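Next up is one chain by itself, shown in structure tokens, the form predicted alone.
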Amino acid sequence: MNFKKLVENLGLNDDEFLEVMEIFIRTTASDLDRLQSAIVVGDTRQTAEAAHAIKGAAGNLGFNEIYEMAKALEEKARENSLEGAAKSAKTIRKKYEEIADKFR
């Protein structure tokens, strides 16, 4: 992932980008935990809300893979289906961790 290009695309300086990334890492970790909990209990509404939050944060920063996966998960949950949700959440978390590891 080319973070320099992301910084340019977002129109931020390096310090601003690092601050935004810290917020993304913190809030997305919480949203991923909320997503996992919702899936475990079978709550499609909470699953959709958590996926929506992840989708928005990822989309705003240009993390398109996470955005697309979260979007698909949100859409399925809004249709009251959690089929494949656990696997999708695991893949989203893996992609998130790959990004977060670069900033820890």
Partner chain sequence: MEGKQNPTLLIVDDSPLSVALLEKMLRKEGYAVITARDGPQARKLAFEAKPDLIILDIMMPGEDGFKVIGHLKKNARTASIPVIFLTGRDDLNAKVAGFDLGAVDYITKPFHGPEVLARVRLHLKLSLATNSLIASQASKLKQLKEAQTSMLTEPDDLPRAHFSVYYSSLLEAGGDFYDVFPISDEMFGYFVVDVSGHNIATSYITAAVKALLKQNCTPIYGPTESMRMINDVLVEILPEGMYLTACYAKLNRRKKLLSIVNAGHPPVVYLPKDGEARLIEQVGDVLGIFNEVYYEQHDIRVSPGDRFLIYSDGLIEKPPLKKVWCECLPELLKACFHVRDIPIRSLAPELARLMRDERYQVNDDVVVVGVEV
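Numbering follows the first chain given and starts at 1. Note that this is a predicted model, so its numbers are computed, not measured.
Beyond what is shown, the protein has a form predicted together with its partner chain; the following relates to that form.
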Residue contact check: T44 to its partner chain in the model of the complex, 4.5 Å heavy atom: no
Proximity of N13 to its partner chain in the model of the complex, heavy atoms at 4.5 Å: yes
Exercise: F24 in contact with its partner chain in the model of the complex, heavy atom 4.5 Å: yes
4.5 Å heavy atom contact, N80 and its partner chain in the model of the complex: no
In the model of the complex: members of 51 to 80 within 4.5 Å of its partner chain, any heavy atom: H52, A57, G59, N60, L61, Y67, K71, E74, R78
